[in-house]
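Consider the single chain below, provided in structure tokens and representing the form predicted on its own.
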């Protein structure tokens, strides 16, 4: 069994960390807001796979109390990502690997530069998970995660899969972290973005309204074009199959029901939204590469103005 530090124990970090603990791993959660609630009542997961609880999980307020571990699971929002190196470093040993289940583009490179290690993995989660009351996580649907390695090393990917072998989570590997990131943006850009821009609506409103559905498709097409240009500019042979990815994203979202993505929840609750990593960075790369993305540019500008953290 492995030792695991969960840095960023919000809905996503808590859920996947709890699944690892359920599988028998030594999981230690860095908690802030929910510390007192979890200390008193444990960590509860209400899941469509079956509810479960960690009655006495290992929880700390300071990462120095965790110490070096085999794996760090980073679930921080990119709005807090500047804190990631300080929070993760106390947990690093010579062989520690870092898995970032985080949305956005350029995540692995930022961590590698800040932590001076290439044992960095991206976790691209397609799941419906929200926080409930303190110490409770609601897992509504899906849950699968695709793991990619910063250096696209198949040996490292095999080690990552070993960690999740006994967990109640559907994990797979992606041969290219860059392609995996752009493919995930094909969902995150339209559905995180339009649920806010269209007036704080759910994903169901996007897929059932013909005009909004068409806008979501157009945004996906821009993301595919920018992603393929980015892959080509870095001499990567793989490409995103736009038709396949767009069809899959709609098929998955059509059956989600009235789901509220994380960006919408942050917006409604007055917290900073992840404009830079999910929207501005892809738009910036598209401009550099000469790929027109007028809808993405407009959506990014609108979200930047709507961001509750905007000064």
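A quick note: this is a predicted structure, and the numbers were derived from the prediction, not measured. Numbering follows the first chain given and starts at 1.
There is also a form predicted in complex with a further copy of the same chain; it is not shown, and the following applies to it.
- For the candidate spot formed by 201, 295 and 301, every residue has a non-hydrogen atom within 4.5 angstroms of a further copy of the same chain in the model of the complex.
- Proximity to a further copy of the same chain in the model of the complex, taken as heavy atoms within 4.5 Å, picks out 207 to 215 from the listed stretches 172 to 180, 105 to 113, 73 to 81, 207 to 215.
- Between a further copy of the same chain and the residues 197, 87, 231, 157, the one pair within 4.5 Å by heavy atoms in the model of the complex involves 197.
- This chain is drawn without a further copy of the same chain; in the model of the complex, the residue among 219, 120, 101, 163 with a heavy atom within 4.5 Å of it is 219.
- Residue contact with a further copy of the same chain in the model of the complex: residue 2 places no heavy atom within 4.5 Å of it.
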